[in-house]
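Just the one chain here, laid out as structure tokens, in the form predicted alone.
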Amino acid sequence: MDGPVRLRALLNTGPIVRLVGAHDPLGARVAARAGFDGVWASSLEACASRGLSDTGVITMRECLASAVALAASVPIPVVADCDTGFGDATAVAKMVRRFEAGGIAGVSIEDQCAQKINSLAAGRHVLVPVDVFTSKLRAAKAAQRRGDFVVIARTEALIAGLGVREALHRAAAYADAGADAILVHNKTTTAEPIADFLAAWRRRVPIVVVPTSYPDCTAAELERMGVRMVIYANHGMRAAIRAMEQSFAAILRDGCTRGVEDAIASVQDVFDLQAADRRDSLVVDRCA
């Protein structure tokens, strides 16, 4: 079963779907080996890996190339974090056709203005009017070639401090425009706003959450609330940064690597991940 078909099936049936963020094939393979259901091609990770801020600065081509590399390296679905869609409705339609052709299972676009800032960053989060965003969603759904491709509409209403009522209003409009799932983002330290949203949500369109700011809430608890997909969006990158900092400091302190060898992956582990899927040697550039 290929990625798009599998993602659609996972959303529609079975237990809560668990995705984890990655920005390169190595991270995607670690995610697959760990047992995650899919990979989130994280915009934050893609920007951070380039030394850039997560403010919509990477291009569609860069985002596509990263996502295609992930999808080519693992047998699980890849969902691409496409920020605000790289432009107007026409640009979104172009984006969908290219990501679908590249083997990506789905894309997420959000209702922030084009000059976005990361959802968890301090600052004013400005959303586009509902009709502007629904035009993007209708263009996205009209552009796709396969029914299995998933378009996730992400509302930042809670992030922007507009409250649950506005989040519900926007989510309903996005569902009416054809979104296959609604990502409701929140940056409070508890899941209470998400629980309030779900208690009032009456549509059959699946709800997706990213519990970065409320880490105590388990997948089982989210599932009981009615969440269908949970995305651990940036934890791989954050774990790697901390591990590198600790290992590099120990090497400089000790003057050798003896003190870190038991705490880091072996070279054989790297070889195993490199050999996890030989298809990567056959992948051609599908981003042209």
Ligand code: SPV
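Here the structure is a predicted model, which is why all the values come from computation and not from measurement. Don't overthink the numbering: it's just position in the shown sequence, from 1.
The form predicted in complex with sulfopyruvate exists for this protein as well; it is not shown, and the discussion that follows is about that form.
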(message) Just to confirm, with a 4.5 Å cut-off on non-hydrogen atoms, which of 44, 32, 69, 230 contacts sulfopyruvate in the predicted bound form?
(response) 44
(message) Exactly one residue in 118, 73, 134, 144 has a non-hydrogen atom within 4.5 Å of sulfopyruvate in the predicted bound form; which is it?
(response) 118
(message) Even though the partner isn't displayed, in the predicted bound form is residue 37 close enough to sulfopyruvate, meaning a heavy atom within 4.5 Å?
(response) no
(request) May I ask you to check whether residue 111 falls inside a 4.5 Å heavy atom distance of sulfopyruvate in the predicted bound form? (result) no
(request) Tell me the stretch among 168-176, 118-126, 86-94, 195-203 that has any heavy atom within 4.5 angstroms of sulfopyruvate in the predicted bound form. (result) 118-126
(request) Taking sulfopyruvate as it sits in the predicted bound form, which residues of 162-185 have a non-hydrogen atom within 4.5 Å of it? Please list them. (result) 185
